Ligand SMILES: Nc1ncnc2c1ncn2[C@@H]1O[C@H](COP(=O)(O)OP(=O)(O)O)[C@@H](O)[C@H]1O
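Read the single chain below, which is given as structure tokens and is the form predicted alone.
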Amino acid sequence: MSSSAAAKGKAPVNGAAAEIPYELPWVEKYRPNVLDDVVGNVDTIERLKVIAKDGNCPHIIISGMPGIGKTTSIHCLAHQLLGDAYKEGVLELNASDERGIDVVRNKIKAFAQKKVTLPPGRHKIVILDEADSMTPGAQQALRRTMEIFSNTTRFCLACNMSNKIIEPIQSRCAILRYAKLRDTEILKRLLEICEMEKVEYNDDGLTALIFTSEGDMRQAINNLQSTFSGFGFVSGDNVFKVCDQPHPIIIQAIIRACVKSNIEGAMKKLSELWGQGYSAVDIVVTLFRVVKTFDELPEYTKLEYIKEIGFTHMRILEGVGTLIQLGGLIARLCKMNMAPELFQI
């Protein structure tokens, strides 16, 4: 953990003695530096700790959702393997960098051939972030480089979908899959940050942060900082204002109205959300996530609701994001709880 002092720089204003502290984003300020601090995916992190201890690092592919600690884990591993030689012994290329065939042939090859003084038994490390966005041609060029320089250099690839990495590279690497972070893991981390930054919050606020983050730690910490900066207090309503998502309580009211086949009540709430400017995708995604965890619905009804919401979501993603589509969904949800005889002509 970097301390608050290390995270702030000072700059004089107009030559005056007044000093403005530059605050790092909390995502960077509380980014783990050692594997012990990485949250979640305990079994996979344990494997990385063994690699860090033994020093014999294979080529690695880490795949998983954004914001769950893939890149952070690789950096922590590199720090623990190389220590002070980290700067000379690591080459990091991100999706934002040029990563065509030329870069693989020139930059990566040059780095792999470079002589660097490392601790005994350690290797240089090439970190390729967002590796699934590399062109197939660049990946083909990479596979040969990985073989030729494997005695001095190890490759660590982070990606969202490992199936977009060509199979020859997959077969040369140990593949680690990261799952979404559990709510309890995100909550623990948020509480630590709240304590260090003296953030005032209530339970609703933390629940809302976890709900909006969907297992993404980066998103949760960013939303926490945004809410605290904007409102000074982390409550449920404030979090949903910052994240600009439909409030789950309104969505719950829509579902309850549908269960009672109260089409007027459900449409009134839906129009209220539509009037606030939420897009059809926002509404249908939140509807799905609320139904999924809504305890008042029996299992059978929940499954039928999710099926209908899924079909509507598909139509909206095809470009038909209108209030009529959402109205049709509400009508179908209401119809499910009505007697079939009412619809016989």
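So that there is no doubt, residue numbering starts at 1 and follows the sequence shown. As the structure is a computational prediction, the values presented were derived from the model and not from experiment.
Below, we turn to the form predicted in complex with the named molecule, even though it does not appear here.
The listed set 58, 66, 310, 55 contains one residue whose heavy atoms approach the named molecule in the predicted bound form to within 4.5 Å, identified as 66. With the partner omitted from this view, the residue of 162, 245, 71, 226 that lies near the named molecule in the predicted bound form is 71 [heavy atom within 4.5 Å]. The three marked residues, 27, 31 and 38, each reach the named molecule in the predicted bound form, with a heavy atom inside 4.5 Å. Residue 270 falls outside the set of residues with a heavy atom inside 4.5 Å of the named molecule in the predicted bound form.
In the predicted bound form, the named molecule stays beyond 4.5 Å of every heavy atom belonging to residue 239. Contact annotation: residue 221 falls within 4.5 Å of the named molecule in the predicted bound form, judged by heavy atom distances. Residue 258 falls outside the set of residues with a heavy atom inside 4.5 Å of the named molecule in the predicted bound form.
Heavy atoms within 4.5 Å of the named molecule in the predicted bound form map, among the stretches 96-104, 195-203, 147-155, 211-219, onto 211-219 alone.
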